[in-house]
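First, one chain by itself in structure tokens, the form predicted alone.
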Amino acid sequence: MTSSNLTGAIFSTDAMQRVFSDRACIQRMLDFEAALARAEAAQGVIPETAVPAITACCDAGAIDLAALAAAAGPAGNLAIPLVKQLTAQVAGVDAEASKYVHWGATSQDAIDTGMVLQLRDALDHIDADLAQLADALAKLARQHQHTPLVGRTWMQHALPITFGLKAAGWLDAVLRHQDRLAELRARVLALQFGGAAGTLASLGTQGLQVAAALATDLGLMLPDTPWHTQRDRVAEVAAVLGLLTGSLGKMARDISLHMQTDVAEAGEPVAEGRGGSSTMPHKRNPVGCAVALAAAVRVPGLVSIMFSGMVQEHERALGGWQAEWDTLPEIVQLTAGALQQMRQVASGLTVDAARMRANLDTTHGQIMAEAVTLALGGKIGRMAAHKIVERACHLAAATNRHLREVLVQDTQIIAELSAGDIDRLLDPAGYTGESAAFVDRVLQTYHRRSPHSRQE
């Protein structure tokens, strides 16, 4: 439920650290307690006169966090000592009102609903950053829709693509994650309120009415049943954030590879104190990418904890639920940190189109061997053409010559293709297939999804 450490500024964000701070965690549980008092009073379960004192004391600033932490171990959770402190504070204001603190609820109701309220805040921040990342990627995709780039498979030169297509691929994934995050809200942002065994028996015939009023007060969905040991909701959050972090890691991997000195096709934003080395003044390290990649390494294991914890015992879990308390906030914080870094990287990414074009010539025309093969194959058959062009590629490599030089000297080839044909076939910009069309398709989806978006 909380997270704070010296590396928080690296792997999280200021906003998300506030969402999952110790004080915010306690405040969200107290928000549940205050709303519970209002809902129960409205349904005649507790006296209206008890509400002012209870709600006035539901202030995390008045809670002794150190004492709370010390008592949580023996108690088994934070809610028990929190309710004890809250009751004592209410008693100091109104002894009669203190009788009705936490009336009919159980510890898990306060803890889970508090977590849901934290998740709502967290998802708002993630949605905002994700929208900004989409804007930045859409701009890159449009600007570089026709910028030729080496396409690489198995880490080797394959065929020409465009940098716009690569950016559109990143954007396409982001748009799907926006869909997933929007869809899960209706399932995940749900009240937890079931009392001791999930029956609300302590509230007599008023249980459902109180639950409905409580959900309305907190702005949460009222589920059909309490979900004390049905953990698919929080596991879904973990899973979707795991998917998002994986896509951010993919983007970070691509950009960091483009940043390698020997490739030098793109670079993270340049800023004072960013990406330097403690000993090598020339270094320009992909520090934003490193954060996203670290998150992509850490989050899958944490997601597996959330999945493992779903197998719970009867009406209250022994271990599985408790394993979520620090795990889910860590997933959210790592995702937020990776997302912020990649948003900043994408917004300030430097793209060297000239270097991209130069790298296309690294293999001295061999990157275009497929184009030559297909053109020749149209004359003599694909398999025969493949054998002839493969032989030409091997000869070009062995003699350190450009493929064109070898092709125009091959009698079998020149009998079917003119020197002009070969020059045209060896132009990388003419062999990017449907790259531009794919970019257009992704951008159309982006604009339909984001009608408010700025034109790239």
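A residue's number is simply how far along the shown sequence it sits, counting from 1. Between two forms, the rigid core is the largest collection of C-alphas that superpose within 1.5 Å. Just so it is clear, the model here is predicted, and its values are computed rather than measured.
Beyond what is shown, the protein has a form predicted in complex with a further copy of the same chain; the following relates to that form.
- Among Asp254, Asp217, Asp135, Asp129, the residue placing a heavy atom within 4.5 Å of a further copy of the same chain in the predicted complex is Asp254.
- Of the candidates Leu191, Met115, Val303, Val345, Val303 is the one whose heavy atoms come within 4.5 Å of a further copy of the same chain in the predicted complex; the others do not.
- Remark: of stretches 119 to 127, 346 to 354, 306 to 314, 139 to 147, the one touching a further copy of the same chain in the predicted complex is 306 to 314 (heavy atom within 4.5 Å).
- His447 falls outside the set of residues with a heavy atom inside 4.5 Å of a further copy of the same chain in the predicted complex.
- Using a 4.5 angstroms threshold between heavy atoms, Asp427 stays clear of a further copy of the same chain in the predicted complex.
- Proximity of Ile10 to a further copy of the same chain in the predicted complex falls within the 4.5 Å heavy atom cutoff.
- Looking at Ala437, you'd find a heavy atom of it within 4.5 angstroms of a further copy of the same chain in the predicted complex.
- In sequence order, Arg382, Met383, His386, Glu390, Cys393 are the residues of 378 to 415 having a heavy atom within 4.5 Å of a further copy of the same chain in the predicted complex; the partner itself is omitted from this view.
- Core-superposed comparison between the shown form and the other one: the C-alpha position of Ile388 differs by no less than 2 Å.
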